[in-house]
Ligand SMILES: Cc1cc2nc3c(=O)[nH]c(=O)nc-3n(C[C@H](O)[C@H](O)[C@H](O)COP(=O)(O)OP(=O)(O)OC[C@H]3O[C@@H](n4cnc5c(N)ncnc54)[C@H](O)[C@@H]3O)c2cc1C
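As structure tokens, one chain now follows by itself in the form predicted alone.
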């Protein structure tokens, strides 16, 4: 069966990148015939995406603002040897808000619980045999298991909880590394959404993808108890295993690809923090500025963006190798502890992906918090591949 060819763009996957791109195009180019196909019951799944106030321009933040559920004027980090308040804003977007705002704006241009059988640059075939044609199909279904990457992982389980009494937290603690260091670099991340409601996320920069859910839930409960918080209700739970890129082959990743890609499938994310929202915002604006949407041209366009972003993050992959290869797992927190002693403008540029050459030199000078010989051994991309072959990098499957 074939539906009439009536779409300019079909977005396969209703994750963050595709949803923001479709929303932005709907606002800027209302003449376009769009369709978003999402296999789940709502857009965005069950996630919280956050970003620093210095990550986006004023114009970018302005159009994203309807998706932001909470903003705070500052943020905090805690380590065994010191704590610090960073005077930069922090903002969060939840999947519930993403769905509410985008679904209202897109209306009938969204199909939920849409089972896709196969896709091509100019059409999609659904599981029931229907074919949907378009000038361009954009693939945003997450990173493929075949991506030619050497990886470490940032993995977590987060619970949004309602407490029996107010928690007293005034702003996010984006890293509390005063907890026991297990399974790599471990920290707890908290977002206070209301005086008695807070997200508590137990996070690991680990060599493996394994998540012992029951054990991590118990650790979340123990952390809350240690802070004097009594959990009255677990309102929601999310989990993730995100890529930390040590090395890779960007040309091999795109070789033979004839379709436009977004999000993790295009490797458009911060390769040290795994933050993906700023890249999704910039991609949405870049697509909205295009004059036309022929499949081949859009595929080439998203590849150029991906390759450019990859090349710009060469230094970040070096830092990742130093964290994963040069530091013993239980000592990885020392790398971050040293980093957060640096000047705040440098920290902001690091998160925004705008490190200068002087910043890069500043990050490397001085006595490293890891053995010097191991640090020097991380300079080559080849060391990242060796690390992966030793068993630390597993095949990534991200929705």
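In this text, all values refer to a predicted model and were calculated from it rather than measured experimentally. Residue numbers count along the first chain shown, from 1.
The same protein also has a form predicted together with the ligand, omitted here; what follows describes it.
Between 72-80, 206-214, 238-246, 180-188, the stretch whose residues reach within 4.5 angstroms of the ligand in the predicted complex through a non-hydrogen atom is 238-246. Using a 4.5 Å cutoff between non-hydrogen atoms, residue 153 does not count as a contact of the ligand in the predicted complex. Using a 4.5 angstroms limit between non-hydrogen atoms, residue 10 is distant from the ligand in the predicted complex. Interface membership of residue 225, defined by any non-hydrogen atom within 4.5 Å of the ligand in the predicted complex, is ruled out. In the predicted complex, residue 49 approaches the ligand with a heavy atom inside 4.5 Å. Taking a 4.5 Å heavy atom cutoff to the ligand in the predicted complex, the contact residue among 349, 39, 362, 338 is 39. When you look in the predicted complex, the only residue of 161, 114, 101, 326 with a non-hydrogen atom within 4.5 Å of the ligand is 114. Counting a residue when any of its non-hydrogen atoms is within 4.5 Å of the ligand in the predicted complex, the hits in 126-165 run 140, 141, 142, 156.
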